[in-house]
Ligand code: AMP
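Okay, here we've got a single chain as structure tokens, the form predicted alone, with questions on binding and movement later.
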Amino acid sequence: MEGFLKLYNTLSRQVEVVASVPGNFGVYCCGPTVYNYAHIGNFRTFAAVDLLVRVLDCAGYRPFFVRNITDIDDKTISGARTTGQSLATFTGKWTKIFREDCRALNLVEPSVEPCATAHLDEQIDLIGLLLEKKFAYVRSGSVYFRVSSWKSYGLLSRLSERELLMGDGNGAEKENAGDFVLWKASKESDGEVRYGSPWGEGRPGWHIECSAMAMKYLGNNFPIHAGGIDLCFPHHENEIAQTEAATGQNLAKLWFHVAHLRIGGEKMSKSIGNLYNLNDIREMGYSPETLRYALLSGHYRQPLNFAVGSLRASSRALGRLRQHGLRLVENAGEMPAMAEKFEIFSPLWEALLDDLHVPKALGLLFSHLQKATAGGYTASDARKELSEWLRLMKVFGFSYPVEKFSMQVTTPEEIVAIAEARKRLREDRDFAGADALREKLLGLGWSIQDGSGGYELARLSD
């Protein structure tokens, strides 16, 4: 392995060495609720987890990555009812859009991407086990977890007893306010969205979904459970309680949480009007890759303040990286194989292994670029650095990395015409049309990179 990763564990409140395990290394991330566009705050979490998976892969951990889809809850049911669609049709549309956004941001595809409605049997079995062990009880067709029965409740979030017992509604039916729902009895507003169970028709609670899917694909005591810091309580706290009460084993060894994204110093909110999605970023004139850079630029455990200026700075930074990569290609004379380990960029790699310290890693990277610009390259030096550069760009996940570029050639008139047509579509804010022309260029063997000064074309290798 190329070094051991160290990560902050929310459960222990310490940075810990992440030990390798035989076989595939399980990582579970709580995915989106598919009722609308995922916003860039969601994608801050997903981008940070993507970097984590890429670093694990580069270090030799062989990650097996599971990210779920929540396709049944109050929001999805309400959305389906409002649009007059079936739940499957409604959530299928938003799942497709989410996956398109993930591809645009160059997020690694999960090894498995399970959805809640496809795992009802596992959830019902888990609830039955909790009832059998007296950790849960039935009230009016609903099933609740008895928080007082789990003495370790609150260990992850470290909240006060008062905060832990605030509850999630339906107080009249519960033994105690802090008990949470495992199975919701059907109500009139659910329409036809109802499933059979030993306790009557209804649907699963949100928390039980992730426990059932995580255990199915990763077992118990798997290496890393990830998500946004807003999920620490109650979602992850409840996952731990219900899973460990049912099985007698730990759910996960390490809990990885990503801090909030703030917009201009304020919390993201529909009422404020700062809840941006990927289409909004495109309409501002910036590419998904530029957003990816901006979302990764801060340390994942610190709140990230996002502004349009962040996108401008990210666009410039990506331009510098791209130019350096092309300079290496030109000086190398040939395309080398990707390096198997870092030597030139070893200090940068060590920064990433140290709790994914991206700000330090980027600082080292641009310091290197500044020195490299001042000097020249022999062909052998360029080939050595380029081989590591390919590996580095793969770790960061920047799209169209330089291993796809051949030596610069004269751009055919047909390609320039398509690029100019795409530019006009972007100026007219027809981003769907512009994306279609980007795909056409890719099909013809050319990539296009947008920047503040226009666009840049590069030939892809065969």
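So that there is no doubt, residue numbering starts at 1 and follows the sequence shown. Just so it is clear, the structure is predicted and the values come from calculations on it, not from any experiment.
One more form of this protein should be noted, the form predicted in complex with this ligand, which is absent from this view; the next part is about it.
Of the heavy atoms in L261, some are within 4.5 Å of this ligand in the model of the complex. Residue contact with this ligand in the model of the complex: H39 places a heavy atom within 4.5 Å of it. Heavy atoms of E283 never reach within 4.5 Å of this ligand in the model of the complex, leaving it off the interface. When contacts are judged by a 4.5 Å heavy atom cut-off, G227 counts as touching this ligand in the model of the complex.
When this ligand is considered in the model of the complex, only one residue from V108, L231, L348, A245 comes within 4.5 Å through any heavy atom, namely L231. None of 389-397, 423-431, 44-52, 58-66 except one has non-hydrogen atoms within 4.5 angstroms of this ligand in the model of the complex; the exception is 44-52. Scanning 10-37 for heavy atoms within 4.5 Å of this ligand in the model of the complex gives C30, G31, P32, T33 in sequence order.
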